[in-house]
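Have a look below at one chain only, the form predicted alone, in C-alpha coordinates format.
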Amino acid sequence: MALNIWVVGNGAREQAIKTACEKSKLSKSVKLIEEENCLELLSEVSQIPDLVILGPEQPICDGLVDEFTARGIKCIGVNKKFSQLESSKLFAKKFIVNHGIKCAKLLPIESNDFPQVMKFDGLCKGKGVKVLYNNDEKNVFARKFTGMRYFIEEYLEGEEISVMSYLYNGRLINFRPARDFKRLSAAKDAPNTGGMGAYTPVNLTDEQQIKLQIYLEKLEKSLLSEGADFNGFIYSGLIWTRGDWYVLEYNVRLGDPECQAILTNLKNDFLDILLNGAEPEYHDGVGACLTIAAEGYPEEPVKGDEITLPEDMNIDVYFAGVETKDGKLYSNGGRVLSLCTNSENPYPALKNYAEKIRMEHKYYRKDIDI
(Lines give C-alpha, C1' and ligand atoms only; values in the text may rest on other atoms or scores of the structure.)
Protein backbone atom coordinates (compact mmCIF):
# COMPACT_ATOMS: atom_id res chain seq x y z
CA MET A 1 0.00 0.00 0.00
CA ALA A 2 1.33 3.43 -0.95
CA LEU A 3 1.64 5.70 2.08
CA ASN A 4 0.64 9.26 2.90
CA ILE A 5 3.73 10.66 4.59
CA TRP A 6 4.47 13.69 6.74
CA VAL A 7 8.03 14.95 7.02
CA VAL A 8 8.21 17.18 10.10
CA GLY A 9 10.42 20.24 9.61
CA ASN A 10 10.99 22.70 6.80
CA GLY A 11 14.75 23.01 6.32
CA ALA A 12 17.05 21.78 3.58
CA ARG A 13 17.43 18.39 5.27
CA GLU A 14 13.67 17.87 5.36
CA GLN A 15 13.32 18.91 1.71
CA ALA A 16 15.96 16.32 0.80
CA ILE A 17 14.08 13.66 2.81
CA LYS A 18 10.81 14.64 1.11
CA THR A 19 12.41 14.40 -2.34
CA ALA A 20 13.87 10.96 -1.54
CA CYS A 21 10.47 9.73 -0.32
CA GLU A 22 8.69 11.07 -3.40
CA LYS A 23 10.94 8.93 -5.59
CA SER A 24 9.79 5.78 -3.79
CA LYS A 25 7.07 3.49 -5.10
CA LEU A 26 6.05 3.08 -1.45
CA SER A 27 4.80 6.68 -1.19
CA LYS A 28 1.50 8.14 -2.32
CA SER A 29 1.92 11.70 -1.05
CA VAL A 30 4.64 13.48 0.93
CA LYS A 31 4.06 16.73 2.80
CA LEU A 32 6.38 18.99 4.76
CA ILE A 33 4.78 19.87 8.09
CA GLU A 34 5.88 22.73 10.34
CA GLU A 35 7.18 21.29 13.60
CA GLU A 36 5.37 23.88 15.73
CA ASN A 37 1.84 22.75 14.87
CA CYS A 38 2.08 19.18 13.62
CA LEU A 39 0.10 17.68 16.52
CA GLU A 40 -2.68 20.25 16.15
CA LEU A 41 -2.94 19.38 12.46
CA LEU A 42 -3.85 15.81 13.31
CA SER A 43 -7.23 16.97 14.59
CA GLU A 44 -7.82 19.27 11.61
CA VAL A 45 -6.98 17.15 8.59
CA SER A 46 -9.19 14.46 7.12
CA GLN A 47 -6.26 12.32 5.98
CA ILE A 48 -4.24 11.09 8.97
CA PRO A 49 -0.67 10.27 7.82
CA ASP A 50 0.36 6.64 7.51
CA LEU A 51 3.94 7.54 8.36
CA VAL A 52 5.64 10.47 10.08
CA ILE A 53 9.37 11.13 9.64
CA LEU A 54 10.87 13.63 12.06
CA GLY A 55 13.72 15.79 10.77
CA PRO A 56 14.92 18.38 13.33
CA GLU A 57 16.12 17.69 16.86
CA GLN A 58 13.63 19.89 18.74
CA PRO A 59 10.41 17.91 18.09
CA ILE A 60 12.28 14.64 18.67
CA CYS A 61 13.66 15.86 21.99
CA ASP A 62 10.22 17.26 22.90
CA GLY A 63 8.84 13.71 22.70
CA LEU A 64 6.78 13.90 19.51
CA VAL A 65 7.73 10.34 18.58
CA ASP A 66 6.05 9.13 21.77
CA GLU A 67 3.00 11.30 21.01
CA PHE A 68 2.54 9.99 17.47
CA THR A 69 3.17 6.39 18.55
CA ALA A 70 0.58 6.69 21.33
CA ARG A 71 -1.96 7.72 18.68
CA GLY A 72 -1.17 4.62 16.63
CA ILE A 73 0.73 6.47 13.89
CA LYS A 74 3.91 4.86 12.57
CA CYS A 75 6.84 7.17 13.24
CA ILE A 76 10.49 7.32 12.25
CA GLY A 77 12.40 8.98 15.06
CA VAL A 78 14.11 8.45 18.40
CA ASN A 79 11.87 8.31 21.46
CA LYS A 80 12.00 10.78 24.36
CA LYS A 81 14.27 8.69 26.59
CA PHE A 82 17.02 8.15 24.05
CA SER A 83 16.66 11.64 22.57
CA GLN A 84 18.71 12.69 25.61
CA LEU A 85 21.74 11.45 23.68
CA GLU A 86 21.43 14.82 21.94
CA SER A 87 19.48 17.00 24.34
CA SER A 88 21.80 16.25 27.29
CA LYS A 89 25.52 15.98 26.71
CA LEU A 90 25.83 14.71 30.28
CA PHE A 91 23.40 11.87 29.52
CA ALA A 92 25.41 11.08 26.40
CA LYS A 93 28.68 11.17 28.31
CA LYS A 94 27.36 8.71 30.89
CA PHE A 95 26.06 6.42 28.13
CA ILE A 96 29.45 6.47 26.41
CA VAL A 97 31.46 5.84 29.58
CA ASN A 98 29.11 3.17 30.95
CA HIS A 99 29.46 1.13 27.76
CA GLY A 100 33.20 1.46 27.38
CA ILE A 101 33.02 3.57 24.23
CA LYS A 102 36.09 5.72 23.67
CA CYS A 103 35.75 9.47 24.16
CA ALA A 104 37.62 12.53 25.39
CA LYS A 105 38.39 12.55 29.11
CA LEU A 106 36.75 15.09 31.40
CA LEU A 107 38.84 17.93 32.82
CA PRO A 108 38.24 20.01 35.96
CA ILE A 109 36.20 23.15 35.25
CA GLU A 110 39.12 25.30 36.41
CA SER A 111 41.65 23.48 34.19
CA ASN A 112 44.23 25.65 32.43
CA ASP A 113 45.28 22.82 30.12
CA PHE A 114 44.68 24.46 26.74
CA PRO A 115 43.42 23.83 24.15
CA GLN A 116 40.32 22.36 25.77
CA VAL A 117 36.67 21.93 24.80
CA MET A 118 33.63 23.38 26.56
CA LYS A 119 30.28 21.68 26.03
CA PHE A 120 26.93 23.04 27.16
CA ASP A 121 24.40 20.46 28.35
CA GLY A 122 21.44 21.15 26.09
CA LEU A 123 20.21 21.86 22.59
CA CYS A 124 22.24 24.75 21.21
CA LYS A 125 21.68 24.32 17.44
CA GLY A 126 25.28 23.33 16.79
CA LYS A 127 26.69 26.31 18.69
CA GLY A 128 27.07 24.85 22.21
CA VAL A 129 30.58 23.42 21.76
CA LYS A 130 33.78 25.41 21.43
CA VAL A 131 37.50 24.73 21.39
CA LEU A 132 39.12 27.14 23.84
CA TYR A 133 42.69 28.36 23.66
CA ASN A 134 42.92 30.66 26.70
CA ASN A 135 41.03 31.78 29.81
CA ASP A 136 39.63 34.91 28.14
CA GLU A 137 37.85 32.77 25.52
CA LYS A 138 36.76 30.40 28.28
CA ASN A 139 35.17 33.13 30.37
CA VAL A 140 33.35 34.66 27.40
CA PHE A 141 31.96 31.34 26.17
CA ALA A 142 30.95 30.24 29.67
CA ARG A 143 28.52 33.18 29.72
CA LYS A 144 27.07 32.40 26.29
CA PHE A 145 24.19 30.19 27.44
CA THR A 146 23.29 31.61 30.84
CA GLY A 147 21.89 29.11 33.31
CA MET A 148 22.90 25.99 31.35
CA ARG A 149 25.27 23.42 32.79
CA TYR A 150 28.54 22.79 31.01
CA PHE A 151 31.65 20.67 31.33
CA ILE A 152 35.24 20.68 30.06
CA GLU A 153 36.91 17.95 28.02
CA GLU A 154 40.38 17.40 26.71
CA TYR A 155 40.92 18.53 23.13
CA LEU A 156 41.27 15.73 20.58
CA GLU A 157 42.89 16.31 17.22
CA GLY A 158 42.47 14.15 14.13
CA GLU A 159 40.27 13.35 11.14
CA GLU A 160 36.54 13.64 11.80
CA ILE A 161 33.67 11.75 10.19
CA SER A 162 29.91 11.64 10.67
CA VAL A 163 28.21 8.24 10.67
CA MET A 164 24.43 8.07 10.29
CA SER A 165 22.90 4.88 11.65
CA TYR A 166 19.27 3.78 11.49
CA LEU A 167 17.99 1.54 14.28
CA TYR A 168 15.45 -0.75 12.62
CA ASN A 169 13.72 -3.44 14.67
CA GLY A 170 16.74 -3.88 16.94
CA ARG A 171 19.37 -3.74 14.19
CA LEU A 172 21.63 -0.86 13.21
CA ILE A 173 21.70 -0.08 9.50
CA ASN A 174 24.71 2.14 8.86
CA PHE A 175 25.08 4.62 6.04
CA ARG A 176 28.42 5.46 4.50
CA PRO A 177 30.52 7.84 6.63
CA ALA A 178 30.36 11.48 5.58
CA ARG A 179 32.67 14.38 6.28
CA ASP A 180 31.18 17.73 7.14
CA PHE A 181 32.65 21.17 7.62
CA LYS A 182 31.36 22.67 10.87
CA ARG A 183 33.49 25.78 11.14
CA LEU A 184 32.47 28.98 9.39
CA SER A 185 35.87 29.06 7.71
CA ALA A 186 39.11 27.09 7.67
CA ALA A 187 40.52 29.17 10.54
CA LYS A 188 41.01 27.21 13.78
CA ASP A 189 39.24 29.88 15.82
CA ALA A 190 36.28 30.19 13.43
CA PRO A 191 32.89 29.71 15.12
CA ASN A 192 31.02 26.42 14.83
CA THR A 193 27.96 26.40 12.61
CA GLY A 194 25.24 23.91 11.77
CA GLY A 195 27.41 22.83 8.81
CA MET A 196 28.85 24.59 5.76
CA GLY A 197 29.03 21.50 3.54
CA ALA A 198 29.53 17.73 3.49
CA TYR A 199 30.45 14.84 1.23
CA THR A 200 30.35 11.06 1.12
CA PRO A 201 32.02 8.59 0.82
CA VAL A 202 35.16 9.31 2.87
CA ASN A 203 38.37 7.45 2.09
CA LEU A 204 39.27 5.35 5.13
CA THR A 205 42.21 3.00 5.64
CA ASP A 206 41.61 -0.71 6.21
CA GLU A 207 42.39 -0.21 9.90
CA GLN A 208 39.92 2.65 10.17
CA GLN A 209 37.22 0.56 8.47
CA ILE A 210 37.80 -2.36 10.84
CA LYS A 211 37.78 -0.13 13.93
CA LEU A 212 34.64 1.62 12.68
CA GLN A 213 32.82 -1.70 12.35
CA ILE A 214 33.89 -2.64 15.89
CA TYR A 215 32.56 0.69 17.19
CA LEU A 216 29.22 0.36 15.37
CA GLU A 217 28.71 -3.17 16.72
CA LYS A 218 29.39 -1.85 20.22
CA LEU A 219 26.94 1.02 19.69
CA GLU A 220 24.21 -1.41 18.58
CA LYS A 221 24.83 -3.66 21.57
CA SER A 222 24.85 -0.67 23.94
CA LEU A 223 21.54 0.71 22.65
CA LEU A 224 19.80 -2.66 22.84
CA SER A 225 21.16 -3.38 26.32
CA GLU A 226 19.39 -0.23 27.53
CA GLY A 227 16.11 -1.17 25.87
CA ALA A 228 16.13 0.97 22.74
CA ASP A 229 12.93 0.01 20.88
CA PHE A 230 12.41 2.86 18.40
CA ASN A 231 12.98 3.03 14.66
CA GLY A 232 15.07 6.15 14.26
CA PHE A 233 18.42 7.73 13.47
CA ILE A 234 21.55 7.97 15.59
CA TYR A 235 24.31 10.28 14.42
CA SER A 236 27.84 9.53 15.63
CA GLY A 237 30.37 12.33 15.37
CA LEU A 238 33.71 10.51 15.44
CA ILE A 239 37.37 11.51 15.43
CA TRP A 240 40.34 9.29 14.56
CA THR A 241 43.01 9.71 17.20
CA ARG A 242 45.36 7.46 19.17
CA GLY A 243 44.76 4.68 16.65
CA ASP A 244 40.97 4.42 17.15
CA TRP A 245 37.63 6.16 16.73
CA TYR A 246 36.56 8.40 19.63
CA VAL A 247 33.02 9.75 20.00
CA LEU A 248 32.78 13.55 19.94
CA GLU A 249 28.99 13.77 20.03
CA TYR A 250 25.69 12.02 19.40
CA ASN A 251 22.69 13.44 17.60
CA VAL A 252 19.32 11.72 17.19
CA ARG A 253 18.57 12.68 13.60
CA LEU A 254 20.12 12.76 10.20
CA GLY A 255 22.81 15.42 10.16
CA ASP A 256 22.42 18.56 8.12
CA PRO A 257 24.17 18.87 5.61
CA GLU A 258 25.38 15.24 5.76
CA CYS A 259 21.83 14.04 5.05
CA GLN A 260 21.76 15.93 1.76
CA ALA A 261 25.12 14.45 0.70
CA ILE A 262 24.11 10.91 1.66
CA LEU A 263 20.71 11.03 -0.05
CA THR A 264 22.32 12.52 -3.17
CA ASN A 265 24.70 9.54 -3.25
CA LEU A 266 22.05 6.93 -2.32
CA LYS A 267 21.04 4.63 -5.17
CA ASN A 268 18.24 2.50 -3.77
CA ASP A 269 14.82 3.33 -2.32
CA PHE A 270 15.14 5.37 0.90
CA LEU A 271 11.70 4.29 2.12
CA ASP A 272 12.60 0.65 1.52
CA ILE A 273 15.44 1.16 4.00
CA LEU A 274 13.20 2.86 6.57
CA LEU A 275 10.23 0.50 6.30
CA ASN A 276 11.78 -2.84 5.34
CA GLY A 277 15.32 -2.65 6.62
CA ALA A 278 16.99 -2.79 3.20
CA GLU A 279 20.73 -2.16 3.18
CA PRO A 280 21.81 1.12 1.53
CA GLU A 281 23.27 1.01 -1.97
CA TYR A 282 25.12 3.89 -3.59
CA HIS A 283 25.87 5.55 -6.89
CA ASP A 284 29.42 5.75 -8.15
CA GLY A 285 31.11 9.05 -7.44
CA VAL A 286 30.78 11.44 -4.51
CA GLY A 287 27.59 12.90 -3.09
CA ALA A 288 28.30 16.46 -1.95
CA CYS A 289 26.54 19.45 -0.44
CA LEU A 290 27.63 23.09 -0.28
CA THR A 291 25.82 25.49 2.04
CA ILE A 292 24.99 29.03 1.00
CA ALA A 293 24.69 31.10 4.16
CA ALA A 294 23.95 34.75 4.84
CA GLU A 295 26.75 37.10 5.82
CA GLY A 296 26.84 37.49 9.60
CA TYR A 297 25.96 33.83 10.21
CA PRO A 298 25.97 32.25 12.79
CA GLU A 299 25.52 35.22 15.17
CA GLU A 300 23.60 37.88 13.20
CA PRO A 301 22.80 36.75 9.64
CA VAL A 302 21.62 39.41 7.20
CA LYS A 303 18.05 38.67 6.12
CA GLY A 304 15.78 39.95 3.38
CA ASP A 305 18.03 39.58 0.32
CA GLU A 306 16.28 38.64 -2.89
CA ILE A 307 17.60 35.34 -4.27
CA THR A 308 17.81 34.64 -7.98
CA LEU A 309 18.85 31.17 -9.12
CA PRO A 310 20.51 30.69 -12.53
CA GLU A 311 18.25 29.14 -15.15
CA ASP A 312 20.76 26.51 -16.24
CA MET A 313 21.12 24.76 -12.87
CA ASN A 314 21.44 20.98 -13.21
CA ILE A 315 22.09 20.31 -9.54
CA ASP A 316 19.68 19.86 -6.63
CA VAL A 317 18.85 22.95 -4.59
CA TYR A 318 17.14 22.64 -1.21
CA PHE A 319 15.77 25.67 0.64
CA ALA A 320 16.62 26.30 4.29
CA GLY A 321 16.34 29.93 5.39
CA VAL A 322 14.15 31.03 2.48
CA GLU A 323 10.74 32.67 2.28
CA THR A 324 8.59 33.39 -0.75
CA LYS A 325 6.87 36.75 -1.33
CA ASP A 326 4.93 37.58 -4.50
CA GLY A 327 6.61 34.72 -6.32
CA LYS A 328 10.13 35.83 -5.39
CA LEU A 329 12.66 34.20 -3.05
CA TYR A 330 14.19 36.02 -0.09
CA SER A 331 16.77 35.02 2.51
CA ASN A 332 15.26 34.50 5.95
CA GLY A 333 17.84 32.69 8.05
CA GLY A 334 21.47 31.83 8.62
CA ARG A 335 21.90 28.85 6.32
CA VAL A 336 19.88 29.70 3.23
CA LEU A 337 20.43 27.08 0.50
CA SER A 338 21.91 23.59 0.14
CA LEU A 339 23.46 22.90 -3.27
CA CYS A 340 23.88 19.18 -3.96
CA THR A 341 25.22 16.94 -6.70
CA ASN A 342 26.83 13.54 -7.24
CA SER A 343 29.91 13.20 -9.46
CA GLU A 344 33.54 12.18 -9.38
CA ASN A 345 34.58 15.73 -8.47
CA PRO A 346 31.48 17.62 -7.29
CA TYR A 347 32.78 20.78 -5.64
CA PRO A 348 33.96 22.73 -8.72
CA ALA A 349 30.42 22.53 -10.13
CA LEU A 350 28.82 23.41 -6.78
CA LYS A 351 31.09 26.44 -6.31
CA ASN A 352 30.42 27.53 -9.88
CA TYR A 353 26.67 27.56 -9.23
CA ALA A 354 27.19 29.21 -5.85
CA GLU A 355 28.97 32.03 -7.62
CA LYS A 356 26.14 32.43 -10.14
CA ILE A 357 23.41 32.68 -7.51
CA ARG A 358 22.42 36.28 -7.00
CA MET A 359 22.08 37.16 -3.31
CA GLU A 360 23.67 40.35 -2.04
CA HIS A 361 24.96 39.06 1.29
CA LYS A 362 25.74 35.45 0.44
CA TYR A 363 28.59 33.54 2.03
CA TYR A 364 30.00 30.08 1.35
CA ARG A 365 33.27 28.29 1.99
CA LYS A 366 35.36 28.36 -1.17
CA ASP A 367 38.03 26.11 0.36
CA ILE A 368 35.80 23.03 0.77
CA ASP A 369 36.84 20.05 -1.32
CA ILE A 370 36.99 16.25 -1.14
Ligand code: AMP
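The structure displayed is predicted, hence computed values, not measured ones. One rule holds for the numbers: they count along the sequence shown, beginning at 1.
This next part talks about the form predicted together with this ligand, which is not shown.
Pick from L212, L123, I173, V131: which has a non-hydrogen atom within 4.5 Å of this ligand in the model of the complex? By the 4.5 Å heavy-atom cutoff, the listed residue in contact is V131.
Considering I273, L184, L216, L156, which brings a non-hydrogen atom within 4.5 Å of this ligand in the model of the complex? Residue within 4.5 Å of the partner: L156.
State yes or no: in the model of the complex, is some non-hydrogen atom of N192 no more than 4.5 angstroms from a non-hydrogen atom of this ligand? Yes, contact at 4.5 Å.
Considering non-hydrogen atoms and a 4.5 Å limit, does this ligand approach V202 in the model of the complex? Looking in the model of the complex, residue contacts with this ligand do not include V202, since no heavy atom lies within 4.5 Å.
Touches this ligand in the model of the complex: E137 (any heavy atom, 4.5 Å): Heavy-atom contact with this ligand at 4.5 Å: absent for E137.
Using the partner position in the model of the complex, report whether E160 sits within 4.5 Å of this ligand, counting heavy atoms only. Contact with this ligand, yes.
Heavy atoms within 4.5 Å of this ligand in the model of the complex: which stretch in 222 to 230, 286 to 294, 262 to 270, 111 to 119 meets that? Within 4.5 Å of the partner lies stretch 111 to 119.
Could you pull out the residues of 68 to 104 that have any heavy atom within 4.5 Å of this ligand in the model of the complex? Counting only heavy atoms within 4.5 Å of this ligand in the model of the complex, the contacting residues of 68 to 104 are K89, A104.
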